[in-house]
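First comes one chain, alone, set out as structure tokens in the form predicted alone.
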């Protein structure tokens, strides 16, 4: 029989978290105001390590890839560790204003919802455990992994799990938004860019070069004309387009960013091949340099809805009066699941304009969002991920 999860203690958890919410907010602001674009996260991760050390974790270190790690030792020397993960990088560079605005109800600023709240909560967990007088059988590994989003291609978590020397009991991945998010599977995904450069290739010999934006537009038309199956579930998302320097001059360079999603890895690869053929064909037709580059990719993986960890999180959310919303997550979750490690991704609070510089997160739901993580850790520690 699976052990019961501590639902009756959740109201006390919320009260205890509310008692130290100022400390949690201070960590969110402290870490969130440090720019951490992918590949340049070192200042934020150094500050995260400092906070973990100040809160008295038993071990504070980095792995060979410079992922910051704090370890809280458990009571058992035989139980495998539990991982709590939040990615440290954001999509905003040092040139963007990272000052946060805190009001009675909201925290606002670039990156607050992706993923500064997640990192701030990660740094606060040792103090939360102390406030709630919680100990665990398993070691708790707190990891603020680097090089996660975009061209980072989840390198931080890939390296951490590849080199971790022991089995892992289970994991919770924290994202700032949205409370109620329950991701327990990941789609197969390839993120790519089509790059058109009319100053290279045969067309450079012509007096009238093609307009790079129009070439990219033709590529979009042909990509959208590809037939997608209803099964397996598949989609192509056109996410970004850029090019040109001024209104009155044809663009010499343009870029298209897209993602292919499917619960079939074979379908993802097949569509990527189709797009490669489109790009190669249009390059010959327009006599321009038209290239296709892979930015990142993950394989499809799934933790069954019937798995005890998923069922436990649903019970926890019900006790918190939070409606669970299942959606795929092409993030750290996919790497855990691909290694047969039970894991879920949870959102911490609600907010608006997640990917914008003016992103805003609600403060009031934070205590419930953190309480679900705490109860989830306890559920794993009590054995919901164990095979026996």
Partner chain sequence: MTTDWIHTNTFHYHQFSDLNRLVSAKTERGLKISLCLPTLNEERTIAKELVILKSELMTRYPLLDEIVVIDSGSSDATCEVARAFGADVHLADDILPHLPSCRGKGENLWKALFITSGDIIVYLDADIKNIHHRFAYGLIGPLLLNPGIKYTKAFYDRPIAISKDEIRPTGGGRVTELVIRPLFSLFFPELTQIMQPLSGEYAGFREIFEQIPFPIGYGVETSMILDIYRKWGMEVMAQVDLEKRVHRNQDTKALGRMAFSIMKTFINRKQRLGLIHLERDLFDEMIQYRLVKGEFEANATLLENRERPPMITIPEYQKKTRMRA
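Positions refer to the first chain, counted from 1. The structure displayed is predicted, hence computed values, not measured ones.
Below, we turn to the form predicted in complex with the partner chain, even though it does not appear here.
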**OP:** Spell out, yes or no, whether the shortest heavy atom distance between residue 133 and the partner chain in the predicted bound form is within 4.5 Å.
**Re:** no
**OP:** Answer with yes or no whether residue 358 is in contact with the partner chain in the predicted bound form, where contact means some heavy atom within 4.5 Å.
**Re:** yes
Original post:
Could you tell me if residue 226 has a non-hydrogen atom within 4.5 Å of the partner chain in the predicted bound form?
Top reply: no
**OP:** Examine residue 30 and determine whether its closest non-hydrogen atom to the partner chain in the predicted bound form is within 4.5 angstroms.
**Re:** yes
Original post:
Just one of 149, 96, 241, 214 has a heavy atom within 4.5 Å of the partner chain in the predicted bound form. Which one?
Top reply: 96
Original post:
Taking the partner as it appears in the predicted bound form, which of 179 to 187, 136 to 144, 247 to 255, 100 to 108 has residues with heavy atoms within 4.5 Å of the partner chain?
Top reply: 100 to 108
Original post:
Even though the chain is shown alone, can you say which residues of 11 to 39 have a heavy atom within 4.5 Å of the partner chain in the predicted bound form?
Top reply: 22, 23, 25, 26, 29, 30, 33
